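Before any questions on how it binds or moves, here is one chain, the form predicted on its own, in structure tokens.
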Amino acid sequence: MADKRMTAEDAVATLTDGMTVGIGGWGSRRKPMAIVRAMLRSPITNLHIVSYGGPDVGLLAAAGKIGKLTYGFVSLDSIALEPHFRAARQACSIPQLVELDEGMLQWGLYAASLRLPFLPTRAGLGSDVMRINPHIKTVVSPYPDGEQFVAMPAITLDAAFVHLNRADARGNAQYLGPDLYFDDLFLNACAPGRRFVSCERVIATEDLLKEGSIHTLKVNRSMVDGVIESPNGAHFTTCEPDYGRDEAFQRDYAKAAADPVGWSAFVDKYLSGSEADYQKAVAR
């Protein structure tokens, strides 16, 4: 079986300007932040980011790397609105925005994973989501009920990044926390070639059931092209049960985001070096 281990830099090097990139996790929960930091260090730009957004969206927006954003929300959870995203929205600095109901985003990823052009859903009907997204159409059931549905178009990805608790070298991966956060859909909505899993620890295949049941193995090797071992790689978001959110760091992040001088100092301290430099700086 193929050994798919690589570095974050190897994975990010497969990206080119303008690609549609899905980022797994949920708000400030189990985000592939080491990958995001590698993206910040890279020259890529004008990305179409698809995310249930958190600091991944905030950091990429602050760095001017987003040309289009498709999202269900952008939140830090314990801080309701991601501060860099708020600033970007107020300044209209993200050229294209597709704001969706959370269920519509799920259904768009699911349609792409099934290689369908769209899937019908009730999510979004009767809301302003349809008004601000006139490209999304409705469809009438061909059956006697005649019900109208949103025809949610597939959200097909050029690359996908997720962070899980454990993985083996072949790409079988495991979550041990409370929720998968649709990470499987992000991977399946992407064509083979650029589907990447970062994890807290790479372990032997036979050890995957030592910490969780078979139900925690929702990502298999056929869905993954690269495995990145990245301890503390979701910091400062949660990665239960390995660690919780670094609330103190998140507060410092939000405070710095509100002040250009403070943000410059934050970047110099935490984001100007390598991932090893970052991990050393945040060690408590």
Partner chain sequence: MSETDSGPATLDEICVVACAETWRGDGEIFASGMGPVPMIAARLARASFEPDLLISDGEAYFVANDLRVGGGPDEKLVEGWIPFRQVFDTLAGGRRHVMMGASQIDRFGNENIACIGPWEKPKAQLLGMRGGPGNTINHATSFWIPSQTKRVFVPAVDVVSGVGYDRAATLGPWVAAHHEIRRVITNMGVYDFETPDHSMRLRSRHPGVSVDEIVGATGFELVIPASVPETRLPTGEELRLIRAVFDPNGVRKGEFRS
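Since we're looking at a predicted model, the values are computed, not measured. Numbering follows the first chain given and starts at 1.
Below, we turn to the form predicted together with its partner chain, even though it does not appear here.
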*Contact segment among 204 to 212, 189 to 197, 121 to 129, 165 to 173, judged by heavy atoms lying within 4.5 Å of its partner chain in the predicted complex*: 121 to 129
*Give a yes or no on whether every one of 86, 92 and 102 sits within 4.5 angstroms of its partner chain in the predicted complex by heavy atom.*
yes
_Please tell me whether any heavy atom belonging to residue 253 falls inside 4.5 Å of a heavy atom of its partner chain, as the geometry stands in the predicted complex._
no
*State yes or no: in the predicted complex, is some non-hydrogen atom of residue 139 no more than 4.5 angstroms from a non-hydrogen atom of its partner chain?*
no
_Exercise: residue 178 in contact with its partner chain in the predicted complex, heavy atom 4.5 Å_ = yes
*asked:* Check residue 26 for me: does it contact its partner chain in the predicted complex (non-hydrogen atoms, 4.5 angstroms)?
replied: yes
*Going by its partner chain in the predicted complex, which residues of 37 to 58 come within 4.5 Å of it through any heavy atom?*
52
